[in-house]
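Just the one chain here, laid out as structure tokens, in the form predicted on its own.
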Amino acid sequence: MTNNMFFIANWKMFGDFKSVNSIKKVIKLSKDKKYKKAKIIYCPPYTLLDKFFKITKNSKIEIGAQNCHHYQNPGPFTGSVNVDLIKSIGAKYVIIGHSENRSSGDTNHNINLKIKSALKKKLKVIFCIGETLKEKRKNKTNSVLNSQIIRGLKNIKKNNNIIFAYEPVWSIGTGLVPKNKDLKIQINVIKKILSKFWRLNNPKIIYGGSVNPKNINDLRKISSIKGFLVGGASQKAKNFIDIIKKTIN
């Protein structure tokens, strides 16, 4: 996963069979040598994983799931999907620890089990971390990030198959984006935590939270950010392509 800029499309609970065709322009872009460093990953709802895999299989685009159950084997977990089921459909990535799942009860302990399960089955992990607005106002951002990383990675050996997605909870879907100087500080904090706790000196850290074609020109100036986790703006091919082009150019 070296020297790539990651562009991860998190469609959340949006999309139907017709919307799969909307990514054909992105597939075309992925074949352009000019954008060979763009690592494009689509994370659609479970119901579309198979369709996305089939339409992208002759391109460089890869597929990921938005979450997984921590239990590896088949079991009585109604409505849940584990890593074996995700991998069997052609996905290579999985988002774990997204704030929307944390707010629904996903604990650091449960996230840790999910990461272990995914890595054991050779899935690459997009590990989301970030503080709430309340935590930010109380100057707890650094302690929150420290706790999320240390507890999320407990008993996990240094691994290059984890992408760290810094997503301030207060920025997701709000249109609010941290100032560049603040983002640089937080990225450096994450690096220091990983270097001290995990002895990882060159982590892949991406940013997520209201990324769109209008603010990407500022965000791309931060050299320590190695890509973007894009929500709503990724659902329209034109917007997603604009983000990729403006970042790479």
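The first residue of the sequence shown is number 1, and the count goes up from there. Given the structure is predicted, the values throughout are model-derived calculations rather than measurements.
As for the form predicted together with 2-phosphoglycolic acid, it is not shown, yet the points below apply to it.
Engineer: Answer with yes or no whether V230 is in contact with 2-phosphoglycolic acid in the model of the complex, where contact means some heavy atom within 4.5 Å.
Structural biologist: Close contact exists here: in the model of the complex, V230 approaches 2-phosphoglycolic acid to within 4.5 Å, heavy atoms only.
Engineer: If we define contact as a non-hydrogen atom of the residue within 4.5 angstroms of the partner, is G75 a contact of 2-phosphoglycolic acid in the model of the complex?
Structural biologist: No, G75 sits far enough from 2-phosphoglycolic acid in the model of the complex that none of its heavy atoms falls within 4.5 Å.
Engineer: Within 4.5 Å, heavy atoms only: does C43 come near 2-phosphoglycolic acid in the model of the complex?
Structural biologist: Close contact is absent here: in the model of the complex, C43 is far from 2-phosphoglycolic acid, nothing within 4.5 Å, heavy atoms only.
Engineer: Give a yes or no for E131: in the model of the complex, does one of its heavy atoms lie within 4.5 Å of a heavy atom belonging to 2-phosphoglycolic acid?
Structural biologist: Although 2-phosphoglycolic acid is absent here, E131 would stay clear of it in the model of the complex, with no heavy atoms inside 4.5 Å.
Engineer: So which of 153-161, 135-143, 82-90, 168-176 is the stretch with heavy atoms within 4.5 Å of 2-phosphoglycolic acid in the model of the complex?
Structural biologist: Of the stretches listed, the one contacting the partner is 168-176.
Engineer: Going by heavy atom distances of 4.5 angstroms or less, which of T56, Q186, S210, Q66 would be at the interface with 2-phosphoglycolic acid in the model of the complex?
Structural biologist: Selected option: S210.
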